[in-house]
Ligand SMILES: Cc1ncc(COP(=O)(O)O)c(C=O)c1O
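Below sits a lone chain in structure tokens, taken as the form predicted on its own.
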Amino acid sequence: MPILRPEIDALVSYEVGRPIEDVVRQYGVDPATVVKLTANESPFGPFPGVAEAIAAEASLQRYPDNQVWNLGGRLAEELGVAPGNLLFANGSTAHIADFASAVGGPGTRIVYAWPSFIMYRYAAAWAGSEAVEVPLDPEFRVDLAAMADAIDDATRLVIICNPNNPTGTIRSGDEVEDFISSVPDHVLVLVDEAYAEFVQDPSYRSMSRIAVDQPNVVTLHTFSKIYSLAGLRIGYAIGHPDTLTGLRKAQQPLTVNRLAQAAALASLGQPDELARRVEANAAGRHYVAGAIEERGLAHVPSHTNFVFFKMPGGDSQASGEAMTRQGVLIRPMAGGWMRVTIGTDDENRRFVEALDAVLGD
């Protein structure tokens, strides 16, 4: 057996959730009745025109455009930034890992909130950095003051997930800007805004406008969530051109495939469809959160496409298994806390039915 680095050997391989086929085999349920609400995927298909764009991409024997020229130019125009302010990757997860590797290493520290996106923990281990996990505040928000206090001379990267996954909470634009102003210039501040499109609170603000001018700030975005391209893996960073040029040195070449580039390009320029999905998600979130509250379960007010709530008994795995037996897959977290993704109206109703069945046992 090869000898792994201790910090890698200590990891548990990331689980993306059980496939529906697995559940069907184990419990003998009708696959048509199984609802998967574990991975914060969009319940809708890709945007209009995406399937046609993918079908038209016939040059699969050729490597993809490493510069992501067509998509980059169009997206830059839509965002009001320069193409040099964009860097694409195989999903935001790839950016997180690459940027941690670029600035981290032995003797360095990476600071982030906890619980938050588990890939921050993996990225720290991959980079050989010490992970500093700062507990959320009593309202399950990223504790910016505590994170500021956790920064020391060894800190090279600070990650803010806003909105935060798995709690769905946000910090206001003013609060995040104040935090950024307190961070030393040599520390990279990575603001993960994967769920930003779902937020309707007027106090929220993307940090992208700061990132294009401030060399130590980068924001992360994805086509996996509201754009429904999770299966193609494409995300992008917004930052200062010099910063992105440096960070790109830690990135593998040809990271975004041809189909992903074509699909993302076809998704742009459809504000009405984007707005429709935001409203549909908000309505579903209101229904799901309301049902959880009516049943007397603790939950955290969400600004995203998922809800963080607590099942009785404190055993998240047992609660997740009980829901799975009902044909509804949700995400167990810790201490009885669960995360359920907002689905279609029918999927949301199935979740509530399964919840009632489990609570009634």
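These figures come from a predicted structure and were not determined experimentally. One rule holds for the numbers: they count along the sequence shown, beginning at 1.
There is also a form predicted in complex with the named molecule; it is not shown, and the following applies to it.
Student: Only one of these stretches, 258-266, 201-209, 221-229, 104-112, has heavy atoms within 4.5 Å of the named molecule in the predicted complex; which one is it?
Tutor: That would be stretch 221-229.
Student: Considering non-hydrogen atoms and a 4.5 Å limit, which listed residue (141, 233, 277, 156) is close to the named molecule in the predicted complex?
Tutor: Only one listed residue qualifies here, and that residue is 233.
Student: Using a 4.5 Å heavy atom cut-off, which residue among 243, 93, 251, 169 comes into contact with the named molecule in the predicted complex?
Tutor: Only one listed residue qualifies here, and that residue is 93.
Student: Taking 4.5 angstroms as the cut-off for heavy atoms, does residue 237 touch the named molecule in the predicted complex?
Tutor: No, residue 237 stays farther than 4.5 Å from the named molecule in the predicted complex.
Student: In the predicted complex, does residue 75 come within 4.5 Å of the named molecule, counting heavy atoms only?
Tutor: The answer is no: residue 75 has no heavy atom within 4.5 Å of the named molecule.
Student: So, residue 165 and the named molecule: in the predicted complex, are they within 4.5 Å at any heavy atom pair?
Tutor: Residue 165: yes, in contact with the named molecule in the predicted complex.
Student: With a 4.5 Å heavy atom cut-off, would you call residue 88 a contact of the named molecule in the predicted complex?
Tutor: No, residue 88 sits far enough from the named molecule in the predicted complex that none of its heavy atoms falls within 4.5 Å.
Student: Taking heavy atoms and a 4.5 Å limit, what residues of 117-145 are near the named molecule in the predicted complex?
Tutor: Contacts from 117-145: 117, 120.
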